[in-house]
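Read the single chain below, which is given as structure tokens and is the form predicted on its own.
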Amino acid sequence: MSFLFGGGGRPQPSSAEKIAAAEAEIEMVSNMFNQLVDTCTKKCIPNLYREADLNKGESVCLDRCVAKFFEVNVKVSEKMQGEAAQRQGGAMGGGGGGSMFG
């Protein structure tokens, strides 16, 4: 009887599907972190270590690299979500406000 109260519109994901989605998200975040570490380490830290700790220049470089990495990641994500929304809207016959009454 759940179809009478709005429960039949879209099937709920099973427990296995939820676990698979969580695993995929963890893998995606891990890959992004590893890419961040690799990119910023190659850019900011020389291969020959002279000191045990980061010097001021290396620290500032890493800070800026991480900030830029996340800024670009957000911009790319927003762009991809916008394009996916446009494709989904276009596939449903909708567009940019060209409705029958507007």
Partner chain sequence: MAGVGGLNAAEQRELQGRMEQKQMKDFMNMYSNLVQRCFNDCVNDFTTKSLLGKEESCVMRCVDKFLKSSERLGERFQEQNAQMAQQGGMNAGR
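Residue numbers count along the first chain shown, from 1. Worth saying up front: this structure is predicted, and the values here are computed from it rather than measured.
Absent from the display: the form predicted in complex with its partner chain. The rest refers to it.
S.K.: Although its partner chain is absent from this view, report whether Lys79 comes within 4.5 Å of it in the predicted complex, heavy atoms only.
M.R.: Although its partner chain is absent here, Lys79 would stay clear of it in the predicted complex, with no heavy atoms inside 4.5 Å.
S.K.: Would you classify Glu83 as touching its partner chain in the predicted complex, given a 4.5 Å non-hydrogen atom cut-off?
M.R.: No, Glu83 sits far enough from its partner chain in the predicted complex that none of its heavy atoms falls within 4.5 Å.
S.K.: I'd like to check something about Lys18: if you look in the predicted complex, is any of its heavy atoms closer than or equal to 4.5 Å to a heavy atom of its partner chain?
M.R.: Lys18: yes, in contact with its partner chain in the predicted complex.
S.K.: At 4.5 Å, heavy atom to heavy atom, what parts of 16-41 sit next to its partner chain in the predicted complex? List them in sequence order, or say none.
M.R.: Heavy-atom contacts within 4.5 Å come from Lys18, Ile19, Ala21, Ala22, Glu23, Glu25, Ile26, Glu27, Val29, Ser30, Met32, Phe33, Asn34, Leu36, Val37, Asp38, Cys40, Thr41.
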